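So this first bit is one chain, no partners, the form predicted alone, shown in structure tokens.
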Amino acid sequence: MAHGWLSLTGRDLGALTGLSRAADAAPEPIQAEYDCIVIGAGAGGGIVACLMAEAGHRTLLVERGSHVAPDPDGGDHLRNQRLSLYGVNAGPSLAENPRVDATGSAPRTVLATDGAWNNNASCVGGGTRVYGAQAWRFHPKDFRMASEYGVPDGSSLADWPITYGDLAPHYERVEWELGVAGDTSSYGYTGSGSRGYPMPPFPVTGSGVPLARGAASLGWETLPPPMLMNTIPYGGRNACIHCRHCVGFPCPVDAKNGVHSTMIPRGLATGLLQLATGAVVREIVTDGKGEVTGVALLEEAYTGANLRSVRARTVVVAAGAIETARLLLNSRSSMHPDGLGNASGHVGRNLQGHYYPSARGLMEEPCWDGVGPGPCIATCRFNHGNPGVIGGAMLCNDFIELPIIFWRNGLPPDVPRWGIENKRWMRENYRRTLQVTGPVQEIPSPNARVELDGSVRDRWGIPVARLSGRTHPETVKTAAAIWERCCEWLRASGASRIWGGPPGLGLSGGQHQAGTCRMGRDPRSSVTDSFGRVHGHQNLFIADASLHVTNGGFNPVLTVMAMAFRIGGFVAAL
């Protein structure tokens, strides 16, 4: 069923989630001491906090952002997390959180409206509040990239200290405890058995029909992308209504299964988890022996940005690859003059995200039916085994694209960006355009990094993140090879004209940011062990994509969540 740009005015949005109701309540005072403090209420932190509370530990979950409710008018096309140019709808607040972009000839201060800021959501649920929710497992080869391909000169390509088999049972927990819709054929590329998914996949929609035909003519196997969304009522939440405001927006009917709607409410229900929003951790505190004892916290939402210490037996950092590295680097003392976990100098290095080569093709007839969420057909044929390059990517059609995003990113190069000819082209061709894209496996570089900037501070006087360096040139080679496959698929599907191009050399670390506190067996070349425990600190852990040694050729959120289940279970049992 197709829908217009939905107006949901009048829907009782506040009744849809327990968190929405909790947001209206007065905040509970933060106590002086907890068993565990978890920093960051996103994909990793939300899961660890829940597991700690369910294991009987008094836990404080600290989030610098706030609750984000769905827009009752159906979504703001100009200000959303998919297009940050004019503002964002899931944090952070723009003027209060600058960063320094040092990738060019001269460092410059940037806000979250600038692509160089490398935006990710900052709110309860983190990126899962507004994500597209593709729920791919990494390929078994993704955990042993150095063994499969060797180590290119100048890169920091390495194997993970764990295998796919170590993570497989935790992948399955995410799929069933949060809820994934998919087809069991999705497991084919992993080579492992599984109990399948709890919900059927999304159906093939308008753009998927010609792509299915094209893939068949090429002999390519396809499958429906697994999604952390309800195709049927599941977990007490509604089924997807197939609206177009999906990626970049909170779900208006609570069908998107992020940690805000699953694990955090589960943890709060124990009575042992406290969620503190609008609270900023300035640093992780250590004692005279260098052992972690808690955090220094700015509790703005409670008492007006007073700085106070909160003690805990265990601290878990899950603030995202850029902010987690920044926090460790800002936690300096006489015992740790370069920051916590940074004795080897690796905190902040190997920043990576995903290169996204994208090709668009013009079809003879309309292929856009407006049925969300959008991705309905994919191939994993090119994740590995591409001649002459390292790694590869899953390819699929993309989410329903807002007209303004298509206008900004999707026009052919010879179409005017303004004026009557632009309007004519948009009117006649927006519904006739197909897009194929995919997240390319990045080859990490030690020079792509997060550091502290000594001259720029945020609203609370804390030194901000300074981003510098570039990915490895091998990433660009892989992206070019994957872009050719995108074009091949579009040609076979009947596209009469194809445009776009592979990305050039640069730094990527936005919504899929990873790698800045990589896990490993050797403290001389890594920041944590295989359970996210920071080397040299028995009670300090990391539980976000900072740990990823490499970031796979898939959307990484299912891996972030599976790692959080593995780490959270380990920490809770200590």
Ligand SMILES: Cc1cc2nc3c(=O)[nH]c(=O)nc-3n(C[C@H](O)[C@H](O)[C@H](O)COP(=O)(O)OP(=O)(O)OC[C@H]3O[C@@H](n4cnc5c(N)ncnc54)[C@H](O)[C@@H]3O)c2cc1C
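The first residue of the sequence shown is number 1, and the count goes up from there. Quick caveat, the model's predicted, so the values are computed rather than measured.
Below: the form predicted in complex with the ligand, not depicted.
Just one listed stretch, out of 63-71, 48-56, 519-527, 533-541, contacts the ligand in the model of the complex at the 4.5 Å heavy atom level, and that stretch is 63-71.
With respect to the ligand in the model of the complex, the three residues 121, 280 and 511 uniformly fall within 4.5 angstroms at the level of their nearest heavy atom. Shown alone here, residue 247 lies within 4.5 Å of the ligand in the model of the complex, counting heavy atoms only.
In the model of the complex, the ligand sits beyond 4.5 Å of every heavy atom of residue 550.
When contacts are judged by a 4.5 Å heavy atom cut-off, residue 128 counts as touching the ligand in the model of the complex. In the model of the complex, the ligand sits within 4.5 Å of a heavy atom belonging to residue 134. Think of it this way: in the model of the complex, the ligand has a heavy atom of just one of 325, 318, 263, 440 within 4.5 Å, and the residue is 318.
Annotation for 531-556: interface residues with the ligand in the model of the complex are 544, 545, 555, 556 [heavy atom within 4.5 Å].
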